[in-house]
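We begin with a single chain expressed as structure tokens, specifically the form predicted alone.
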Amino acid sequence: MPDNKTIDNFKDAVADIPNGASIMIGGFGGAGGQPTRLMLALRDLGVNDLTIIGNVAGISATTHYGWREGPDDPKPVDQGMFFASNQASKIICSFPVPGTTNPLSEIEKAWRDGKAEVEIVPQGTLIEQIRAAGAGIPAFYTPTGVGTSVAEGKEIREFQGRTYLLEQALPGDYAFIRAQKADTHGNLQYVGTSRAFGPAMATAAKITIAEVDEIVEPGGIDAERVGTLGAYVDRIVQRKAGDPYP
């Protein structure tokens, strides 16, 4: 394992991702906690048949994805761009579409046209599936979803008079996560919504790539503020002024 996990640019950080990979994308409900530059670099890589895993997918119903031309003209970046470009064949998430249906999101368009599969998972179940994968737990029982379509095809058991269904752990090939600060060993400090799914995803993926605002030397992060240990992080890339992505 290298002592210095810094990668010079976002293009190089994602360059080895193959067709058919599963990509965990951190964040909670808005672009501020999401690794948007890694996402754009993956789009530009041009790989196909991706499975996207994350909490919220359809942040915006806009059909424009890409550059931010100025503070008065924000162009949101969300997972829908992988469906607009026909690069994603499946998404596993809790909220696949935005609050408006006019216009339809790219994810809903792809689903309606039969081009992509959408698997909706209750939010608590989703994060536990990811956490379980990181902890080496293959499956767990939960009461969430019992008696609904979520339970279809799943094992159901009763414990102490209550009904539960069996959910399987959810690992990923790659995890894209956002953090405020990293040291060169990969220890991460989070702020805001980036800590919602990022720490669990970092443990559940084969390769974890962190998009950060600042990179410091070891010891530059207060040990009490470390949200993910460097042992779980493989690559770190710093956001810089003048980068080709917003």
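Note that residue numbering follows the sequence shown and begins at 1. As the structure is a prediction and not an experimental result, all values here were calculated from the model.
Not pictured, yet referred to below: the form predicted together with another copy of the chain.
With the partner omitted here, the residue from 181, 195, 37, 43 that has a non-hydrogen atom within 4.5 angstroms of another copy of the chain in the predicted complex is 195.
Another copy of the chain in the predicted complex is approached by residue 131, whose closest heavy atom lies within 4.5 angstroms of it. In the predicted complex, another copy of the chain stays beyond 4.5 Å of every heavy atom belonging to residue 153. Mapping the unseen interface onto this chain, residue 115 falls outside it, with no heavy atom inside 4.5 Å of another copy of the chain in the predicted complex.
Using a 4.5 angstroms limit between non-hydrogen atoms, residue 168 touches another copy of the chain in the predicted complex. Along 144-166, these residues reach a heavy atom to within 4.5 Å of another copy of the chain in the predicted complex: 155, 157, 159, 160, 164, 166.
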